[in-house]
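Each of the two blocks below gives one form of the same protein chain as structure tokens; they are labelled structure 1 and structure 2.
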Structure 1
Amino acid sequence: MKFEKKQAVWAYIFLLPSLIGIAIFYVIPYLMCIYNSFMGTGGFAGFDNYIAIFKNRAFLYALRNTMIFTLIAIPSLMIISFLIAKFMNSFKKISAFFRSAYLMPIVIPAASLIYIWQLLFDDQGTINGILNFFGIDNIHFFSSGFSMVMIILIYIWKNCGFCVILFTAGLANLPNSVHESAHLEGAGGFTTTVKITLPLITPTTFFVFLMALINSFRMFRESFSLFGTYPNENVYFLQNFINNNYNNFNYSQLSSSAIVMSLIFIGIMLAFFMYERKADYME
């Protein structure tokens, strides 16, 4: 009994710096934000700000685009990196060079690559040049629905390497016997993957998901450098909305949309968390 108490005290000692810092730099601003989301110019406004933003078409655009991005980009990133990881693991020996190559994009800061993307995706850019060669019409990556495709592609390119590394590590840790026994029972490659491999690497998947989610906010940096403060309506994200409301001095609208945005992400994470728990119990 005494030992456990001592351990708890020590745990709090180790945790203390972090707890203080988190409280000051994250919890307090978040609470301030929540408080402000209920305040209007004339004092307490209840849910008025929330009702107002859900009537605001710009906000709905932003919400739609953010949801589309999150729901398409994150799963695609996870699937693609899982497939690449499986592919890499199928080699018996592989040079460290290849693994390093995959990590390269995350090491390079967003700002340095903007011009490369412009060269690639511009109306007169390389991709359109290639398409033209095959007789396909220009794609306006900077001013049509393809802007979203472009952002998703860049997001996957940037974060794929890191997720691949995480997945290869997770897969490598699986005992070989698992696959062999499944194979003996006559299960095909696909069934094995879905029924056996995936549940076994759930902790890894969860971590990959977390990374993908965090990094999806960072895509705003790219979007901002590529499209500016007022992008076309297809890549107008919640971050744009919040940022522009800052420039427009609309603090209550800013706060309430920030809260809505955080609630959405908390919801997504909570759902995934439940999934992980469930998988844990199944184990």
Structure 2
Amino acid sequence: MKFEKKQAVWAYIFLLPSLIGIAIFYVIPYLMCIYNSFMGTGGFAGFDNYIAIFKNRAFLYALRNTMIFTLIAIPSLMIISFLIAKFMNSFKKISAFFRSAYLMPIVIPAASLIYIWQLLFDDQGTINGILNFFGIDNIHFFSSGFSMVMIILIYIWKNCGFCVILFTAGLANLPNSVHESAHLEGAGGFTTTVKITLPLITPTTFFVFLMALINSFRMFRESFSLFGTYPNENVYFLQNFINNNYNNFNYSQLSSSAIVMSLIFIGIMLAFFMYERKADYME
């Protein structure tokens, strides 16, 4: 017991710097954010700030767009990444090269990416130039429903490589005997994928989903660079609402909307975590 206690003490000593950093930069600011969300100009305001933001049309637009983006972008990213990883897994000799190539979007600076997209999708850009050549009127990508499609495409392009690598690692650890037995029993490729491959890589899928969810809330930089502080209503996200309230010194609504966004994030993550815990992927 003495040896185990010493090990525990040393473990806590080594963890202490990280725990202090987490407390200072994450836990304490989050508790302060919760406190500010219940405060108003005259003191304690209760749930008035939360009621106010849910009556705010800008917040409702931001919440709707954030949910639409999350529900479309994340499943699309995971499906595309899994299909690419499964295709690459059948070419093991060249997979190492593609693993390196797929990491390129992560290391490319956001400013360079935004500049290219502006050249392509601007009113006087390359795509509209091609359309005009064929007698088609301009498409206003930055002020129409296409703006949401642009953000989703940027998100998929930027994060697809990382997710492909994670899925490739998960697929590489699967036992070949299970798939060989399924093929001998007459199971097709689709049945094998749905009944065997996906259940076996549930932990990997959960981790990919978690990273995709985190990165989806980090798309504000690209959105802000493309569409500015007050974009059109199709791409006005919760991050825009929070940023605008920060610029307007409205810290009560800023804190309330940040708490709502964090609760949405935690709720989605817990729901998927409960599903992952119940999945009998080892059977």
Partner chain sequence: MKKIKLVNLILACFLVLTLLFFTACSADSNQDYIGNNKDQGTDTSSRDDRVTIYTYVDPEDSNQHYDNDTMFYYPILQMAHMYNNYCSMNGVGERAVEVVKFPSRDRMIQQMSTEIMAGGGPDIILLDNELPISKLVNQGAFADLNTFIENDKSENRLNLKNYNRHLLETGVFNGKRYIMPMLYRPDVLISNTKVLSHYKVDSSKKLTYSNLMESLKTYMAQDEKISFLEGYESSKDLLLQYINDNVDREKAKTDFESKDFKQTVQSIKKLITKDMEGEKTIHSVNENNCLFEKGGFDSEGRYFPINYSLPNLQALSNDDFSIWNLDQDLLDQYAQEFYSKINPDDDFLWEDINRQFEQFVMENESDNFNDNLAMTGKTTLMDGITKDKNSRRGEITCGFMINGNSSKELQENAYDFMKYSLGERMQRYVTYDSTYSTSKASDVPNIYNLPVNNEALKTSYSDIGISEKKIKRITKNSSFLEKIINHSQSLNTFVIKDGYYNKNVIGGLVEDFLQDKISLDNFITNLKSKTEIYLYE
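Every residue number counts along structure 1's sequence, beginning with 1. As the structure is a prediction and not an experimental result, all values here were calculated from the model. Whichever C-alpha set is largest while still superposing within 1.5 Å between the two forms counts as the rigid core.
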Mind telling me which structure is the form predicted together with the partner chain?
-> 1
So with the core overlaid, does the Cα of Ile127 end up 2 Å or more away between structures 1 and 2?
-> yes
Spell out whether the Cα of Ile266 moves at least 2 Å between structures 1 and 2 when the two forms are superposed on their rigid core.
-> no
Tell me, please, whether between structures 1 and 2 the C-alpha of Leu19 is shifted by 2 Å or more, with the rigid core used for superposition.
-> no
